[in-house]
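Next up is one chain by itself, shown in structure tokens, the form predicted alone.
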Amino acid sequence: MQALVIVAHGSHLNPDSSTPTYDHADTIREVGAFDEVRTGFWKEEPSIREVLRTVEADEVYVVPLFISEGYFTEQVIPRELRLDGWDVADWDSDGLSASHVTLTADDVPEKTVHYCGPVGTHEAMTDVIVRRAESVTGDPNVGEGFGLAVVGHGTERNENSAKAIEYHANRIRDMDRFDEVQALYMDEDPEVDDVTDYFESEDIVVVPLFIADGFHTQEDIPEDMGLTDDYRDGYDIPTEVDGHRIWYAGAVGTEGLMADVVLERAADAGAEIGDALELVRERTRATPQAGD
């Protein structure tokens, strides 16, 4: 038997924080790729600390629903799972390349635990960002005539935070699908506040690389970009700002295709998932494809 465990931050203050995690777990259950699918949270129940005890399978694949390598993926989650012999050096990562490491856990030593890198640095996340742009515009072929901004939090305390944003912005730029692609940040330059200064395109899709919608994606970023003076008043999609139409997508982690990235992480670690990737891509397709 094999089990998938999705671990995420969660929140005591925002009841919607855990919704994407549950949604992606449900999607993966429906395609039958694993005998068991469990979720665990840092700030909610069920807790990361207890989740391995709820699993019956001998082979367990743990996938962190986090954007970047750092404090949570390197310290908090391994500690809470009680991973025996965990050493971040075993990932041998440059901040973007953590794949997986196979260990046991102190309180469930009979199980083999495959601890994976975060979803946010997997190459499949690039496709989710593009899918998010398709979803918010309602156009499966969006690109020509559009600029795309990938937005991250950014912090000088963790250089890996910006690495993930730059990585995906560069990959989308290499696709040559959008007229312009720019990485922007909340807390460092170039800042999302000045989004219209960085694009010549009349239409700009803005995709925040966050796991869940919350304070930053629902309040800070819309107000910072000038979509509204007060987030409680709402705003249109698109909203015209300084002669540009801003198509604000909200957190990328709420996109259904995120389940695909979770599966990719587990498959990279050795999980046998059959045709689950194809099924998830088909079932989470939000906009009709050309010819449909």
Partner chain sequence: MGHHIDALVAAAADDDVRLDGLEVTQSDDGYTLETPDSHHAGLSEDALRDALGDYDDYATNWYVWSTVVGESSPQRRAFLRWVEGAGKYAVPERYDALRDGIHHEWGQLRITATIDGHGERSYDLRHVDDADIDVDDLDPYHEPLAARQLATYDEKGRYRPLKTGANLAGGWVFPDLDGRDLVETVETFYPASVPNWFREREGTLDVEHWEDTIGRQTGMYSVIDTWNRGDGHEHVNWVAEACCDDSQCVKRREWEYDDETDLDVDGGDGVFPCREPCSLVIAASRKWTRLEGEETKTYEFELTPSEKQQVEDIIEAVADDRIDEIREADVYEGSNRYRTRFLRAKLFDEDGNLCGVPTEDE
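Residue numbers count along the first chain shown, from 1. Since the structure is predicted, the reported quantities are computational estimates derived from the model, not experimental observations.
Quick note: we don't show the form predicted together with the partner chain, though the next part is all about it.
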item: Per-stretch contact check against the partner chain in the predicted complex, the hit in 184-192, 145-153, 163-171, 105-113 (non-hydrogen atom, 4.5 angstroms); value: 105-113
item: Interface membership of E50, the partner chain in the predicted complex, 4.5 Å heavy atom rule; value: yes
item: 4.5 Å heavy atom contact, R82 and the partner chain in the predicted complex; value: yes
item: Exercise: T239 in contact with the partner chain in the predicted complex, heavy atom 4.5 Å; value: no
item: 4.5 angstroms heavy atom contact with the partner chain in the predicted complex for W42; value: yes
item: Triple contact flag N158, T196 and E200 to the partner chain in the predicted complex, non-hydrogen atom at 4.5 angstroms; value: no
item: Interface residues of 2-21 toward the partner chain, as seen in the predicted complex [heavy atoms, 4.5 Å]; value: S11, H12, L13, N14, P15
